[in-house]
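Given next are two forms of a protein chain, the same chain in both, each as structure tokens and marked structure 1 or structure 2.
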Structure 1
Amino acid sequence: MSMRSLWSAVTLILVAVLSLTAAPPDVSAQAREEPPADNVFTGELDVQMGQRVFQQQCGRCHGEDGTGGEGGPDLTNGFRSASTDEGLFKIVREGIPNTQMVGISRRSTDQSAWMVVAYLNSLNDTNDVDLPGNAANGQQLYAGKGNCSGCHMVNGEGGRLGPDLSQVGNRRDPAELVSDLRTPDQDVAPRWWTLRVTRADGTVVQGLRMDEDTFSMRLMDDDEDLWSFSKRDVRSYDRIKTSTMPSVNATLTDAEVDDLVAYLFSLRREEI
């Protein structure tokens, strides 16, 4: 074999080897915004793994249970910036440009991101539930005999002395709603405690605990007026950790409680 023929053969071999070892095109970026065709990341184990990733990487801003934290919104009431799983995946993976929302670690896999999506969807499970009550009757009780609208707001209408119930069905299941109505003192978040402040002149101001730190406190009275106090300028203050909401046991029948629960559970977003 001549030297020229030898070099030609070597060149052909090198070209073949390079074509076999060259990096394939990055198709992951193209497929990243699409959910798995067989929907494999939606099982119970996926939800549990997604919860773990969420708590490690998202919990500081959104709270470990997804109800909100240091600057991050509550994710148990639907998602403001995504209407599909694909859109939610993109936000989890990449974040939202020009905002404080950053995606999960670049070292995390797309599978981890889909598991986080599965976990977030589990926090917003709105599957229909067969309830014994009548939601239409419950709506009338809410505005009338139950007098719920005096303290609670639904879709911008009502009072501010209790939690906004516009989408309460997304974050409370029927059993929890029954407990809320019958035993409201069972689990009262600090946000809904009452402050009773005795001022230096002996007069007393009492209302919903809106804010408190080492040096000051703020409350809203029954007329929804806001009061601010410096702790060093008051004679005393007490935190009342029971609920301001009375139990319905003395005012509503069992059937009426069922109706009211049916209405409250119907207060959900229509779609994610």
Structure 2
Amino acid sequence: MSMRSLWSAVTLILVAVLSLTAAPPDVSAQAREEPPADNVFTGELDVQMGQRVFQQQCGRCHGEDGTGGEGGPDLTNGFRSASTDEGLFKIVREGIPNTQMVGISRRSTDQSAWMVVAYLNSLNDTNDVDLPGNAANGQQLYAGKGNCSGCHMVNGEGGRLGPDLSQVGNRRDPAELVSDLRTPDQDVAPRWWTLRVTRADGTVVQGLRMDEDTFSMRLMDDDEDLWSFSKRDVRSYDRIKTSTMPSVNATLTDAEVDDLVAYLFSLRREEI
């Protein structure tokens, strides 16, 4: 028996035993369990176990099949708050602070949480989506004519003046990607606003708004240099809430936008 199927078998028994016991088992023993170094709970049996846990603990808010319900969002269209399996695990384990999202029972093991992650991933299997564009052409446009890599990072290469796109296909569906490209000024998150600061001597510094609190602010200029200012010491400052990203409408044809979307949508966490 391989290590992996051994684990699955052990967990199967564990979960079975747990669901049979009426009294809550000792929490402390399990709560401190270390998460495994690598997520090995990705097999078909894990997905099934994860589904069972999901239906018991999550279905009342997210719907039995994960497509969303009264209390929780649809989980079959990628995840806004996690772009890696580790991030997803953390949400499943701990919930999302200050929201209704409570996460898995503290009595459940980390293995169960990984199985739920496997199940959530299986809900997002999007191999079968048929897109009009050609991803290989899109990749060339991305690096060439589209001029995207100056601002965006994919797998560690590119700029930091826009969000990392390594797994953008997990959080944006094709229709959303089209609007990201055509109307970037819509729904710009505060992290991507621009700050324009006029210093006491009248000189102006402008860049992406990295941090801001009552007394200070930090921005990153076009050369990716960081600047910090004390609000008391500057003459004035403005927040510009539009995107620094140019719309592709003026530069790319409809067919090229289709190709680019096919490429971007192919940037996803590896399928299980």
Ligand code: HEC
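Computed from a prediction, not measured in an experiment: that's the story for all the values here. C-alpha atoms forming the largest set that superposes within 1.5 Å between two forms make up the rigid core. For residue numbers, the reference is structure 1: its sequence is counted from 1.
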For this session: Name the structure that is the form predicted together with the ligand; the other one isn't.
Result: 2
Exercise. Does the distance between the two CA positions of residue 217 reach 2 Å or more between the two structures, the core being superposed?
Worked result: no
For this session: With both forms fitted on the core, give yes or no for whether the Cα of residue 61 moves by 2 angstroms or more between the two structures.
Result: yes
Exercise. Quick one: core overlaid, is residue 111 moving 2 Å or more at the Cα between the two structures?
Worked result: yes
Problem set entry | After superposing on the core, C-alpha shift for residue 100 between the two structures in angstrom | 18.4
